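What follows is a single chain, given as structure tokens, in the form predicted alone.
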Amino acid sequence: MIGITAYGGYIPRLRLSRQAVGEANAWYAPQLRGRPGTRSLANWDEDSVTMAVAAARDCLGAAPDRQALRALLLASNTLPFAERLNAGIAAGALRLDDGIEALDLGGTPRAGLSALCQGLARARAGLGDTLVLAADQRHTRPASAQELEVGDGAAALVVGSGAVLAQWLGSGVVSVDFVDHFRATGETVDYHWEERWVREEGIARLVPQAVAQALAEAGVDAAAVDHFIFPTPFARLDGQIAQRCGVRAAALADNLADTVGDTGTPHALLMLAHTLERAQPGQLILLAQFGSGAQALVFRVTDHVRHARPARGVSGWLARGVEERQYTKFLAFKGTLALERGMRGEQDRKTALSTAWRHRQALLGLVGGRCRVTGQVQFPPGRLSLAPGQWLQDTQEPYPLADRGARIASWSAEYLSWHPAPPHHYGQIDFDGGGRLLMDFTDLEVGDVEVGTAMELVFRIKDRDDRRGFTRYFWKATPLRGPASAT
């Protein structure tokens, strides 16, 4: 049996109020006023790589052995590096085996489904389990309709054999150069074509073709589908496509439009992860996505779905959302609005790539050292360990810290240094099992922390070298809210 063995997702904590966007732009685009709901907003220190890592940690929370993964496929149209293996950064942060095959995919919103199909094909060929990640953090023009519709997020699936919770039954694909939107190399914002043309000549014609192929290969009647997943920013279009494909209206899955928006490449997989949280054994899932044609897959839920649960799940991420009404904060986080940094923000952030390579396990994986003699934990790891009355050499063994619980030992919040989201919160945290580290804090407001506050670790952007276009990643601490995402 081939299919999905684990699933997870990630939605940033901040949710931008659409009403706030409409009010801020009412002088220029009054038609934007009155739009209800929110859209997800990535923090300033998040991008497609960090969100993909967060989704993967949510997915792998129950996985006993990450080293069993033989491939990592990262699908995104907003990867931070055009020539650097973004999937390799994610693999390092997740502490996966160096022998894993890592690959970036993109070029179409359905790249996530393409990655899923590749993972399933690998499993069918006996090439082992594949971690499929998808993430997007798209940019939009201020006062555009897309500014309200687009959201940030990520999804993760493990596909292979074994304890399959959703069996793969069939798939279909239509690959044609139907251009509904495009973004040229070097540009940051998509150009969109006329909505009616896209709906009637693109989506309405191409998606049913891919769905029909998938249902035929699976040997499933459309009316038997229990969950139909089709992400679209166009209101009620999912219902029209379901009707055209012969799928019952009751099978429509929640497209998260009211709270999250359309996350782009990961959205079909994010909706799938959300659906699997409540799917019952024996139910049939049909998911499809449009983009440079269309793609569709059919799964049957198995008994294993009762026992396979993500660390937090899409429902958990939805529950932790906080509404954001500061429109200028949104513009600043997206890089659309350049705020005054002052002299304290004038720093050359050149990264020594040789040092980054030598300490890659400590920096990407947050791996410290634990002395075999004394049990003391040290970060960064080193050859020397201090014991009472003596120095010990070469007694440390790797000691991962990212998935351990922690509490604040001391902290500070200050406005003196430049920070993208002032005040700058940081402090000393003590890890369960030993180890103390000075860390930046993220995803919090003034008053959210005090000495003793339980914290969890998240993989984030440390800083950006604007002169050279290099992003540096590290781990930060954030208040523990709800179930821990430790793996």
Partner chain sequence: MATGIKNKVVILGMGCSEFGERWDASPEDLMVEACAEALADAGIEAGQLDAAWFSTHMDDVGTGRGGTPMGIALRLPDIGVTRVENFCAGGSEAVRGAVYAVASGACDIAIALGVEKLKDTGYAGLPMATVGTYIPQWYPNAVAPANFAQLATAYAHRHRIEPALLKRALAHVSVKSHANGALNPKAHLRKPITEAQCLNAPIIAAPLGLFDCCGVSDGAAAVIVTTPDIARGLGKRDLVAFKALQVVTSNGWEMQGNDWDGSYLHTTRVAARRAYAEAGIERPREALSLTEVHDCFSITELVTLEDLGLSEPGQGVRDVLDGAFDADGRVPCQIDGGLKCFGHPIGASGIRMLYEIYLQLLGRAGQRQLAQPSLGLTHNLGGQPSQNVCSVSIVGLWDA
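Everything quoted here is computed from the prediction, not taken from an experiment. Residue numbers count along the first chain shown, from 1.
The same protein has a further form, the form predicted together with the partner chain, not shown here; the description that follows concerns it.
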From Gln378, Thr140, Gln213, Thr395: within 4.5 Å of the partner chain in the predicted bound form by heavy atoms is Gln378
The unique member of Leu416, Val189, Ala82, Ala125 whose heavy atoms fall within 4.5 Å of the partner chain in the predicted bound form: Leu416
Three-residue site Leu386, Phe431 and Val451 fully in contact with the partner chain in the predicted bound form at 4.5 Å by heavy atom: yes
Among 72-80, 266-274, 284-292, 353-361, which stretch sits within 4.5 Å of the partner chain in the predicted bound form, heavy atoms only? 353-361
Check Arg35 for me: does it contact the partner chain in the predicted bound form (non-hydrogen atoms, 4.5 angstroms)? no
In the predicted bound form, is there a heavy atom of the partner chain that lies within 4.5 Å of any heavy atom of Arg66, even though the partner is absent here? no
Please run the contact check for Arg349 against the partner chain in the predicted bound form: heavy atoms, 4.5 angstroms, yes or no? yes
Residue-level contact is defined here as any heavy atom of the residue lying within 4.5 Å of the partner chain in the predicted bound form; does Gly427 satisfy this criterion? yes
Can you name the residues of 428-446 that have a heavy atom within 4.5 Å of the partner chain in the predicted bound form? Gln428, Asp430, Phe431, Gly434, Gly435, Arg436, Leu437, Leu438, Met439, Asp440
